[in-house]
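Just one chain is shown here, as structure tokens, and it is the form predicted alone.
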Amino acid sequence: MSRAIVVHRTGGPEVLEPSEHDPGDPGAGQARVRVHAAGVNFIDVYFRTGAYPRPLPFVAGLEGAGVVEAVGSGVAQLGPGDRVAWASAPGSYAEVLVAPAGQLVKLPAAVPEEIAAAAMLQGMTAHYLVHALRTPRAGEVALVHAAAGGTGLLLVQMLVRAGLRVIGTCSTEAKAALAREAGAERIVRYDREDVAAAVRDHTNGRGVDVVYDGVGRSTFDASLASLRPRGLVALFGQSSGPVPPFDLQRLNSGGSLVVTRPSLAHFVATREELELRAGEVLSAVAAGSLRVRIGAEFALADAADAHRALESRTTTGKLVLRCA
């Protein structure tokens, strides 16, 4: 019998319980995968706590990589032995997963499973934020919050490759060094500096063209205050909590500002988009032009510790569970 991390009740990390779990054989349009590694993401926390409702019990996790063991009827694009990765297959904190074959993409030979598990969700998130949410223009300035986190480091690299100048925020010198290495030209230590004031100073009072904010409650005011007129805040996460309701007149008085709350699901809604984003991310990883940092690895049974580490906001890069 295989094992998985099953959530029987919502709550703190302690509800992530290792249990025996066999997902069974693949049905029509499905594949059974031996999971080698699973990515740990804040969306997993939102499901665990009940912030994002989901019927109980459920196997945690959405992202991972492994090897196909069997396929169901109607699956022609995959077969046993294929190395695959995915970003949105519920039940990924497991030794074995049964998932829709349409959510799986084949891995380039040069990309190890653990790197793919660390790259899929955050890499495709960074890709749509940079290339699909708006048109990047060389010379623009972007502000990236949590620039040394898993998504932050990938965002910085992709923005710099697109010709943008990047200001990153973080809380320690070790994190600042990682963000600089990724290409950020200015680091704002939010534990020591006023973010908006530092951004205005660095841009000679103009402000930035776009802010990428995956933190939410604790950074949102600074995000708005850092924008130039007609600038955009892409609020793609809420690791510090949801943004409280606010008067939309603030957007007018700030200079016709724009705020959007996008989701990766809407930018990989078709197989064509999924293959485009996954293909560009994984090919860049294989070529060495996009570096994926794994900050820490945990055994599958230690998923609760991985969540504690993630929620502490002291980690860098991506956290990964070793499932096999």
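Residue indices: 1-based, along the sequence shown. None of these values were measured; they are calculated from a predicted model.
Although not depicted, the form predicted in complex with a small molecule is the subject of the following passage.
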| property | result |
| --- | --- |
| Stretch in contact in the model of the complex with the small molecule, which is absent here, among 246 to 254, 212 to 220, 77 to 85, 195 to 203 (heavy atoms within 4.5 Å) | 212 to 220 |
| All of Phe47, Thr49 and Val96 with a heavy atom within 4.5 Å of the small molecule in the model of the complex | no |
| Residue contact check: Ser240 to the small molecule in the model of the complex, 4.5 Å heavy atom | yes |
| Partner proximity in the model of the complex: Ala284 to the small molecule, non-hydrogen atom cutoff 4.5 Å | no |
| The small molecule contact in the model of the complex: Thr260, any heavy atom under 4.5 Å | no |
| Proximity of Val59 to the small molecule in the model of the complex, heavy atoms at 4.5 Å | no |
